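What follows is a single chain, given as structure tokens, in the form predicted on its own.
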């Protein structure tokens, strides 16, 4: 089976550094007693500490993993080791008929996909009781309205008192009003208030950032008072900020957008025990960005795996918004590798102008995708920056770890490269870098 994956892409799937190291240790032929492939599936048996070898299999079209080892990490070290072996020694995988344990897994995946499709079709056919639905919606609208009024009064008092003493205030000050928003069925507002409690304890720039977030929150309350007079897309943004959810069935009924979608970046963050993964896609034909959000609790694996630098021929459907970014995959084909740099903005001014337009129509964007060509990273004092050919500079986020910043500098060596990252209005967090035709992950 010809391999289109690189070792860097495979290691980017590792759930932690220990798994990456252990997976690397298993990426050698002497660890595997059998290897094979058929269509998009590869498999192998790896001898562990027990009598029976662990049976590992990968469907590289997503990719999806399965292993008989007891590890709760996903993918486990055997999955990573087998995938690394495929990336580095693909000729060792002979095309053959899959053994029964592989055929059984392939069949179960196919049956599960068919059941899921049938379930979605059945849900779309079911008609909810419109009377009961309207009654529930009206009850929630009333509770949210009362909560919004409460929040407006609190925000006005907050600004009237000033922010000079905010650092001496206890977390409970923010948590108390956040709890009232939960009671008002406005969880989105509660989340933002709890995030502001963290900003209140920042030193340099914290007050300015906090005032900005308070202003954005007040804008939500102002918009909600006039929501019926606003365009439908702006109404959708306001409802999302407040905490209304849109069902996947509703999204799947929206117009699909077909393209060759390149995975340009990925980042996973943890809130309590909930892991949130942002996967950024770029439509090669339409130059449109899309954001896939995945959630997993604890050590549970994400439902889908995506490799940076690969392309999906897929149909996406976007959530309603004045500046649509979040999307779902409606249909997809097998992933392929893009063997060249993706097209990006050639100047920082052009990229920031795009962000400014997006922010003007949706002022609650928390992360914005920026793909910049021909920029050079450099260090000035304790700060990291990038510079384009026009001499314009952008600051890099202090969330970029020192080793990642030095890696970025080493990759460049003073020559221009292509960077994809998340812009938050203040700084850029690089996730991936293209140097000539090679991709390097930083996320």
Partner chain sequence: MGLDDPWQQVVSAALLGTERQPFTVPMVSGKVGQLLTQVSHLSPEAALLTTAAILSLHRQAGWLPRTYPVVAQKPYQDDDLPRCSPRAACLLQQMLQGQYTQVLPEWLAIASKQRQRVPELYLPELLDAGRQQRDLRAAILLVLGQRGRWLAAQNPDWSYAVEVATEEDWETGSTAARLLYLQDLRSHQPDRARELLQGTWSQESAGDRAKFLEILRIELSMADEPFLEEKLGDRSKEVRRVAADLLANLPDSRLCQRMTERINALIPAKAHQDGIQIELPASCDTEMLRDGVGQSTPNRNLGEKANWLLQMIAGVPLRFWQQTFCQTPTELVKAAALSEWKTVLLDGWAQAARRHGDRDWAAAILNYSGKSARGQVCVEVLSEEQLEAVVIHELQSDPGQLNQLLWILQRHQNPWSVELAREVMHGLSNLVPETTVLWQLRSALEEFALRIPPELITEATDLRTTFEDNTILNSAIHHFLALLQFRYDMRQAFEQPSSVGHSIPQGAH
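Numbering follows the first chain given and starts at 1. Quick caveat, the model's predicted, so the values are computed rather than measured.
Form predicted together with its partner chain: not shown, discussed below.
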(message) Which is the contacting stretch out of 107-115, 156-164, 138-146, 293-301, given heavy atoms within 4.5 Å of its partner chain in the predicted complex?
(response) 156-164
(request) Determine whether any heavy atom of residue 331 comes within 4.5 Å of a heavy atom of its partner chain in the predicted complex, and answer yes or no. (result) no
(request) Evaluate residue 212 for contact with its partner chain in the predicted complex, applying a 4.5 angstroms cut-off between non-hydrogen atoms, and reply yes or no. (result) yes
(message) Residue-level question: is residue 150 within 4.5 Å of its partner chain in the predicted complex, judged on heavy atoms?
(response) no
(request) Evaluate residue 356 for contact with its partner chain in the predicted complex, applying a 4.5 angstroms cut-off between non-hydrogen atoms, and reply yes or no. (result) yes
(request) Establish, in the predicted complex, whether 270, 281 and 326 all lie within 4.5 Å of its partner chain, using non-hydrogen atoms for the distance. (result) no
(message) Under a 4.5 angstroms heavy atom criterion, identify the one residue in 322, 184, 199, 348 near its partner chain in the predicted complex.
(response) 348
(request) Within 4.5 Å of its partner chain in the predicted complex, which residues of 396-429 have a heavy atom? Give them in sequence order, or say none. (result) 403, 406, 407, 409, 410, 411, 412, 413, 414, 415, 423, 424, 425
